[in-house]
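Only one chain is shown below, in structure tokens, and it's the form predicted on its own.
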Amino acid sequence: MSEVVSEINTLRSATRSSGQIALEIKDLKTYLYTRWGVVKAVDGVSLSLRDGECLGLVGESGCGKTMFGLSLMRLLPRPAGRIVGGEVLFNGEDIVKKSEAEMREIRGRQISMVLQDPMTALDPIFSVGRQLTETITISSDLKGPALLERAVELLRMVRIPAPAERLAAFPFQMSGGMRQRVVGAIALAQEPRILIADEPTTSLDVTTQANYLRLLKSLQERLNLTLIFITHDFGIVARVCHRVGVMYAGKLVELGDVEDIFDNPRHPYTKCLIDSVPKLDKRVTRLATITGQPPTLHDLPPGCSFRPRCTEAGTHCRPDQYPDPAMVGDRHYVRCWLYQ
């Protein structure tokens, strides 16, 4: 545990000495208009990221993490998905207000995303080289041998063995770990400033996952990437992230430095998530669980959405109002009636 804390302290120091704000999100709201009602997938999320910083975004499935990432890319499912409020400030401009043509100049080139499943992110009927070179030519004039050399360089950067030979391979001819690296190479092909990684280790075994995380961390430091890492795994957050945001029912309920969140979680939901992670130094007969299920986003309960599952709910909770953000530390805020 002391080694993890030491690593986290090193990451935090790097973050605080990093440069200017890369991305600032203010009260972002993304709704899906469906036959069952309005799904509030992202409901008033606010945060900022600096150059070279890694933010971990955690929460149960269906809490809005992926929709948050897709909102930043403006790749929402149509016609249901819409950004109905808030701002996403990048280079001093609100990308929510940009046209589709303007967004094509940003996607991939400045903000890129590694999607959750590499097998569906890659086209099975085209070779890896074809898909990689197509991405490269969008932002460069490279042709012929120079273009192929750049593709080989990208595969080598993500540590794919025999990269020149792999250009002719198809996705189904590669392992899950190698496909995940190919998707990463495509995401980095245009040298973006911000990379959104949506659960990139879900389909990987433990050894491959560890290697991929080391690779991702080294690439972030080498390229000074601002990274948003979407995951369920608090262990991954402890290894690669500087800060962590906890999402529940479309809202960001807690945000702080990784060390602060692990040592002193404030929101009852964050406490439950951390308690549900097995501890190697403790012998237990039954793992901790969170009672109930996350609410349906088109039929949220009034007030705090976590209240029906919360072990600390009481008379201090207002049944008809959601708590405002409350600062509980230097860079640590929480949305809970316990701190109002």
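Predicted model only: the values in this text are computed from it and were never measured. The numbering used is simple: start at 1 and walk along the sequence shown.
Although not depicted, the form predicted in complex with a small molecule is the subject of the following passage.
The closest non-hydrogen atom of T201 lies beyond 4.5 Å of the small molecule in the predicted complex. The small molecule in the predicted complex is not approached by G176, whose heavy atoms all lie more than 4.5 angstroms from it. Shown alone here, L55 lies farther than 4.5 Å from the small molecule in the predicted complex, counting heavy atoms only. Contact check for E60: a non-hydrogen atom falls within 4.5 Å of the small molecule in the predicted complex.
Listed stretches are 271 to 279, 47 to 55, 284 to 292, 34 to 42; the contact stretch with the small molecule in the predicted complex is 34 to 42, by a heavy atom cutoff of 4.5 Å.
Q116 is the sole member of T135, Q116, Q209, S127 with a non-hydrogen atom lying within 4.5 angstroms of the small molecule in the predicted complex.
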